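In the block that follows, a single chain appears as structure tokens, in the form predicted alone.
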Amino acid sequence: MNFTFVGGDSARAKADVLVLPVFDTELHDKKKQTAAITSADKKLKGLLLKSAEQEGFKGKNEQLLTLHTHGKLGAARVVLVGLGSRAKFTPEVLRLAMGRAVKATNRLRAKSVVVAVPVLGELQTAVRAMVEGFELGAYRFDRWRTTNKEEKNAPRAEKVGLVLPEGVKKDRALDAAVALGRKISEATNWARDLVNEPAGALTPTALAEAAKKMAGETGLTIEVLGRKDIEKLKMGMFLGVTQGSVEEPKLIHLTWSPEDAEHQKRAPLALVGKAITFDSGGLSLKTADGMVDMKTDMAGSAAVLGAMRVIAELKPPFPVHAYMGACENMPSGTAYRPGDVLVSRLGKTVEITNTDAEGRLVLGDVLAWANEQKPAMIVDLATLTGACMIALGNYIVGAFGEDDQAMWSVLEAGRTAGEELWRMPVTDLQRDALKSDIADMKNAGERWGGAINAALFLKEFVGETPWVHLDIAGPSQSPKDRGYHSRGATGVGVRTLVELTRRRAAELENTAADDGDKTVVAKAPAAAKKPQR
């Protein structure tokens, strides 16, 4: 989409559709009505507010009302979209509302839209949220559709005019907010494409090729290793998972490195994504229904790739490394078996009690490899456990880790980015669940505390490095249309990782300025207070 700032009265702006975001107090209280609402209602001779009352539209969150203007406004139609209570407002509310709005305008086959930016304190944040809401809400995955070509080729919003509140002038900061919102949204939608792609098309090799193409376009350095290289790295757990599939495993390593030689010396940020391109469960076979969505078991790697696409443009003043171990988990005569013992890169031995607990095996070896770069922090994203879905549902990410500073920085990045993260415990009280009679540990424990058990397993491979594990099993895909979400892949994690990188870059620059020394080695962001959740 092409976003521009439009001056003057939004009711006069020429477009197919005018979008008016409305708080729940702005319809019945004239003193709180915005100039945009007042002007539109006046030009419609009071029919806007009267129709809203008749239709039961009160500006509540998730409410939406579409009216024809009959030529009395600059736009042919007006869409009222509810924001709910101003006291409970967050940028995510606006992001979701704009997602609903763009879906409505696309149903109207509108090519041009103007939207009145609501009167808010942090205008840059609001504008970025609006851009992201529009771009994410307009997403559709229809590459494989051959029928209903009329709908597939139907007009969609191409031009969006942002009308600023009265007295506010456009500046560079607002332009930057639009640019950042577009970059993040485009990267998130690309990540959604990767996750939505059928597993027969997005093999480990195809995922590696997608990463190579992106690296070439953005200037990132990439290294893709095959089976023989993985054997040389002694990643026995990774090799065990992949040995049942005819598809070649790929170990993908992407790097952003700043040009400044002193900045290159700073401790890197390490991002690790689970990349099981299809998970049948192996010999611990899933049910037929349980396998249907298992093309999405690489959503962690898609989020990391999407984030790296933006990070390459942000050019942070420290290195960023991304790691993905891509493979399939399949049943065959060569598949690893329950009862087998695998030897990890660290030399730890693991008894296999469930071949469907494969993601932690691949991640363990990849985390150990990532840790050898001595990063300031490691963040991994994985569709790891159904247990986390049971605990937190479809829209909340489970965050695990013992380092309070690292955890706080990730939680705050998620909050700012509009992705809901909830801190979960990593406690030795569950460690007995991973005890093995014949090896150093088991790959799967009892049913109870399953998400904690998985996090405890991963913790064995990161040493003392500040580490946060994000279990995205639930939020990686949406079960229905909701706000800017469509049914299917969400691209969750991209926004949080980008925000984490931005915050760390800002902190490093501030620290360097305070110290008068730009060679400061990066540390995990210090917490003003400990997380409350």
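Here the structure is a predicted model, which is why all the values come from computation and not from measurement. Numbers for residues come from their place in the sequence shown, where the first is 1.
This next part talks about the form predicted together with a small molecule, which is not shown.
K.L.:
Look at the stretches 404-412, 155-163, 418-426, 352-360 and give the one with heavy atoms within 4.5 Å of the small molecule in the predicted complex.
P.N.:
Checking each option against the 4.5 Å cut-off leaves 352-360.
K.L.:
Could you tell me if all three of Lys274, Gly386 and Ala473 have a heavy atom no more than 4.5 Å from the small molecule in the predicted complex?
P.N.:
Every residue of the candidate spot has a heavy atom within 4.5 Å of the small molecule in the predicted complex.
K.L.:
Among Asp365, Asp380, Glu132, Asp279, which has at least one heavy atom within 4.5 Å of the small molecule in the predicted complex?
P.N.:
By the 4.5 Å criterion, the partner-contacting residue is Asp279.
K.L.:
I need to confirm a contact call. Of Ala376, Ala444, Leu458, Met330, which residue comes within 4.5 Å of the small molecule in the predicted complex, counting heavy atoms only?
P.N.:
Contact residue from the list: Ala444.
K.L.:
Any of the heavy atoms of Lys286 lying within 4.5 Å of the small molecule in the predicted complex?
P.N.:
Yes, Lys286 sits close enough to the small molecule in the predicted complex that at least one of its heavy atoms falls within 4.5 Å.
K.L.:
Find out whether any non-hydrogen atom of Glu197 is located within 4.5 angstroms of the small molecule in the predicted complex, and reply yes or no.
P.N.:
No, no contact at 4.5 Å.
K.L.:
Considering only heavy atoms, tell me if Val343 and the small molecule come within 4.5 Å of each other in the predicted complex.
P.N.:
Output for Val343 is no: heavy atoms all beyond 4.5 Å of the small molecule.
K.L.:
Just to confirm, Met294 within 4.5 Å of the small molecule in the predicted complex by heavy atoms?
P.N.:
Residue-level check for Met294: yes, a contact with the small molecule.
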